[in-house]
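Only one chain comes next, encoded as structure tokens, the form predicted alone.
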């Protein structure tokens, strides 16, 4: 007589077993990313959409208190275009961005080529050149403001001793020099970042190509123009786009050194939007300027992503 087989005991069902099969397994990945999606929507998407919508409503301190913010269409944009400060701020933004991008790319490439060479102690120099980039922006700006001081600033002292100027000059208080003085600080701080990107790209250039170019008689500028730059063109373009985005968003340098003055001589669109919003309390006009900046940055970011795809395809 054989013993009768006993049925296996059923496994105890737990909460985690719900997501192991069937519909639970299909929705499990979406549940994992749901917290991140909620945070992105609350922190990024909602403020952006709210800011763009505010550009089409009459949002001022008066309407906020009354709770009645009527739809005004493109009137905020018309008021911004009619403001003389907008034209000057647009021109200053163009000068500010062009000078920063050109200078940072030029100096960054020169430093990358210089530090690409293998010599004793090169690690020390590579680390030292990054100091401006790692210094907090507020500390850097306040240091340069002291260096530009018209009474005790070291910039004036050096230029007088070199015979370039005859007397101390208020670089940040002169309408002719304020924007360019702030630009120097921005170039000083942003160049190491560009250098780092281009130096990494130079490390990937095959030595065989450089040796072949040398054997063919290419040297100096010819090797740089016909061999090195084509090899690092994608990284160079990415550095240019990132420098453009960071320069447009560089609010600290302008605001902490000049606040857009004197007489709006160093005003850029970012500081103008801030003044519309938090000095004139006209959030509609501030949102209109911010929307225009946002569109420009979206175009630059799209270009940046295209370049990234191009680099992955190489």
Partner chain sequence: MTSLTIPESTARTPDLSAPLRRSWTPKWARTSFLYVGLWVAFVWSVFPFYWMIATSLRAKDEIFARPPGIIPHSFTFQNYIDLLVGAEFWRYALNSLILTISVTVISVLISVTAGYAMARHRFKGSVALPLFMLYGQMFPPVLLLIPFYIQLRWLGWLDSLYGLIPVYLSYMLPLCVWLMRGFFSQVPHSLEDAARMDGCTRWQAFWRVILPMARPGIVAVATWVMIHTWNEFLYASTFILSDKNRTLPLGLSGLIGQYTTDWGVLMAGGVITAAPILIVFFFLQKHLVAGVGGGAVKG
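Only a predicted model underlies this, so the values are computations on that prediction, with no experimental measurement involved. Positions refer to the first chain, counted from 1.
Heads up, the form predicted in complex with the partner chain isn't pictured, but that's what we're talking about next.
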Self-check item: Exercise: residue 274 in contact with the partner chain in the model of the complex, heavy atom 4.5 Å
Solution: yes
Quiz item: Would residue 230 sit within 4.5 Å of the partner chain in the model of the complex, counting heavy atoms only?
Solution: no
Exercise. Answer with yes or no whether residue 72 is in contact with the partner chain in the model of the complex, where contact means some heavy atom within 4.5 Å.
Key: no
Self-check item: the partner chain contact in the model of the complex: residue 157, any heavy atom under 4.5 Å
Solution: yes
Quiz item: Which residue, 129, 97, 238, 105, has a heavy atom that falls within 4.5 Å of the partner chain in the model of the complex?
Solution: 129
Practice problem: With the partner chain left out of view, choose which of 197, 88, 234, 111 has a non-hydrogen atom within 4.5 angstroms of it in the model of the complex. | Solution: 111
Quiz item: Since the partner is left out here, which residues of 141-156 would have a heavy atom within 4.5 Å of the partner chain in the model of the complex?
Solution: 142, 143, 144, 145, 146, 147, 149, 151, 152, 153, 154
